[in-house]
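Quick setup: one chain, the form predicted alone, written in structure tokens, and binding and motion questions come after.
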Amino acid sequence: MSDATAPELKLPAAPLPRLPAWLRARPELALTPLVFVVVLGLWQAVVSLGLVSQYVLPAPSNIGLALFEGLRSGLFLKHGLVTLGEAAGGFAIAVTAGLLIGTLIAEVRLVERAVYPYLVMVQTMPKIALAPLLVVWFGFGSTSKVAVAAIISFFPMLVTTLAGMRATDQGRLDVLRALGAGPIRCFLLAKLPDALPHIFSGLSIAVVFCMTGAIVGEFVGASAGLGYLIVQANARMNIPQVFAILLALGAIGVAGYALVQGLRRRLLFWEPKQELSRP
């Protein structure tokens, strides 16, 4: 048989490499940084080609330099601790007041009818409009910023606490009452455990809102804090520093949210996994 008529031999195709098991289970671990790198690359290219002005959208490289300089000099740490302290104070007040008032409204129907409409009215007011008034009342110090953070964070805690208290399993309450349990034991054994998932949802919202409240208060009038730095950098047209401060604020917010979610997973061990949102 001649070479022209010889049958062509085909080698078997090499098998495609399989992805690691951890990557198949959590593909977002690779997709998230990939999207981040692609967006940064496109951003840098658009600014470098002059399609967008540096005063409108600074290049990521300039933002990175501003962030590095702010961290190296300790400027962001100094003012970040001020903002974090104001946000933490407002968060603590909002959580305490939200839990107490929400529980009281859920337990006493007369309190709900007498107080809840006024709380809703206060919530509908734009908080940025209340901030100048709070500065007049409490001064330019940290107290006014704590007050703004507390007001903004209060209503989510109130609503989620109220919803949680009303979501109690009525059958469990009937069993406890049949066994002779009083109001306090019914609250501790039934109402509070059933309300905790809702309460932690409110904590997840409040921990983000308290940072917003502190920054809004610093915008109105302050001599320290990350909001004060944003105002100063914007006045000097130092836009890369503004973006760097926003990145720092985002990191603080994500850390606070992750902390609340970590506490939720640790304390609400009986809650189904699918109901827990990932940070």
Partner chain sequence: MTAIDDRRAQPGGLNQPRDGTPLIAVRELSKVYPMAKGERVQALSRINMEIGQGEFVSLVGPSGCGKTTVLRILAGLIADYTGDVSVSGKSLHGPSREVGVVFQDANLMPWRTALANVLLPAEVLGLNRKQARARAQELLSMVGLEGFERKLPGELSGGMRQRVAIARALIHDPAVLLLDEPFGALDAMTRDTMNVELAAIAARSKKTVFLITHSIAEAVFLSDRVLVMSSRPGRIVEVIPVQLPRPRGLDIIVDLGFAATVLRIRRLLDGDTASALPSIAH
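Positions refer to the first chain, counted from 1. Note that the structure is predicted; figures quoted are calculated from it, not measured.
The protein also exists as the form predicted together with the partner chain; that form is not presented, and the subsequent description refers to it.
Trainee: The chain here is shown without the partner chain. Which stretch in 100-108, 120-128, 143-151, 165-173 comes within 4.5 angstroms of it in the predicted bound form, by heavy atom distance?
Mentor: Contact criterion met by 165-173 only.
Trainee: Please check if Arg177 has a heavy atom lying within 4.5 Å of any heavy atom of the partner chain in the predicted bound form.
Mentor: Judged by the heavy-atom cut-off of 4.5 Å, Arg177 is in contact with the partner chain in the predicted bound form.
Trainee: Report yes if any heavy atom of Gly80 sits within 4.5 Å of a heavy atom of the partner chain in the predicted bound form; otherwise report no.
Mentor: It does not: once the partner chain is placed as it appears in the predicted bound form, Gly80 has no heavy atom within 4.5 Å of it.
Trainee: With heavy atoms only and a cut-off of 4.5 Å, decide whether Leu71 touches the partner chain in the predicted bound form.
Mentor: Output for Leu71 is no: heavy atoms all beyond 4.5 Å of the partner chain.
Trainee: Although the partner chain is absent from this view, report whether Ala190 comes within 4.5 Å of it in the predicted bound form, heavy atoms only.
Mentor: Yes.
Trainee: Ok, Ile93, Ala181, Ile205, Val159: which has a heavy atom sitting within 4.5 Å of the partner chain in the predicted bound form?
Mentor: In short, Ala181.
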